[in-house]
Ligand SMILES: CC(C)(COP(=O)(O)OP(=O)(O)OC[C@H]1O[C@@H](n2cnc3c(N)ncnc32)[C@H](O)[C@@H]1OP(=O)(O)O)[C@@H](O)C(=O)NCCC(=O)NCCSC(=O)/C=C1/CC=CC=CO1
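Just the one chain here, laid out as structure tokens, in the form predicted on its own.
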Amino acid sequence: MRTNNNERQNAMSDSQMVLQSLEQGLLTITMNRPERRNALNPDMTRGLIEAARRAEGDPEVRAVLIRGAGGTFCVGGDVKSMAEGRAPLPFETKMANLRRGMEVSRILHQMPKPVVAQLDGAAAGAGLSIALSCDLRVASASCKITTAFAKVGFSGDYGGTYFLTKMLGSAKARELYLMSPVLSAQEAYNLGMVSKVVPDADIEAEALELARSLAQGPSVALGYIKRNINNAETMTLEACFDGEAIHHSRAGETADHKEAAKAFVEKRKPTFQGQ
């Protein structure tokens, strides 16, 4: 029995849409739909959630690098597929499906492990939202960055309005969402949306080097640093102070802290084990 191209595409598994590779504590998550510039569809969304949950729960994972195949990070939802039309779903079902997919941004943002996004080609719409949920973003010089939603008649999903408002303030978030300009990587860096801009030819090596350095860091302390900053987004000063006191005291009990203190005295670079 012969299958057409659409059937073969539909048969592609979530694991093929999103690739995972764990090496020396670094889990690399690759969105693998380069023929559509890694536009999100249901299979890719499921694969991303699975990968994010693995990153969160697997003790062997100490840091995460998320990237896109084929020289593009992610252009957001698959608008072309939307335009082709599908059987209409009830509003409640559509909302539940979307909310389920959006969990990838929450998991990446809240997990106690550093997450680096490698931005090349374009980061737009929900793709930008996912990138904003990460801790650090390394962009290639030619990368184009845009919220994009207003231009296709959408209001925004995957947490972009939350992350951008927290990152830049509500005035700039309104501007970037309502007017939807296309920013260069340098413009995004100047605003504070991007951690680092590198030449196109260096993006893969630079993002990997940064992510590896985090994977080889004092993992317990890095996790508590991330929690402290997440707490500061929503909690009172007193609650944040309480959290800092607990986390700092716990980090001081780790083998990594003791190794760092010893290395400081011995004037050498510490070797962290993530414990």
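These numbers were taken from a predicted model, which means no experiment stands behind them. Quick note: we count residues from 1 along the sequence shown, nothing fancier.
Form predicted in complex with the named molecule: not shown, discussed below.
- Query: Among 214 to 222, 53 to 61, 235 to 243, 36 to 44, which stretch has residues with heavy atoms no more than 4.5 Å from the named molecule in the model of the complex?
  - Reply: Contact criterion met by 36 to 44 only.
- Query: Judged by heavy atoms and a 4.5 Å cut-off, are Ala122, Gly125 and Lys144 together in contact with the named molecule in the model of the complex?
  - Reply: Yes.
- Query: Would Phe163 sit within 4.5 Å of the named molecule in the model of the complex, counting heavy atoms only?
  - Reply: Heavy-atom contact with the named molecule at 4.5 Å: absent for Phe163.
- Taking the shortest heavy atom distance, is Gly77 within 4.5 Å of the named molecule in the model of the complex? Flag for Gly77 set to yes.
- Query: Hey, in the model of the complex, does Val152 get a heavy atom within 4.5 angstroms of the named molecule?
  - Reply: Heavy-atom contact with the named molecule at 4.5 Å: present for Val152.
- Is Ile203 close enough to the named molecule in the model of the complex to count, meaning some heavy atom within 4.5 Å? Contact check for Ile203: no, nothing within 4.5 Å of the named molecule in the model of the complex.
- Interface residue in the model of the complex among Ala185, Ala117, Ala148, Leu108, criterion: non-hydrogen atom within 4.5 angstroms of the named molecule: Selected residue: Ala148.
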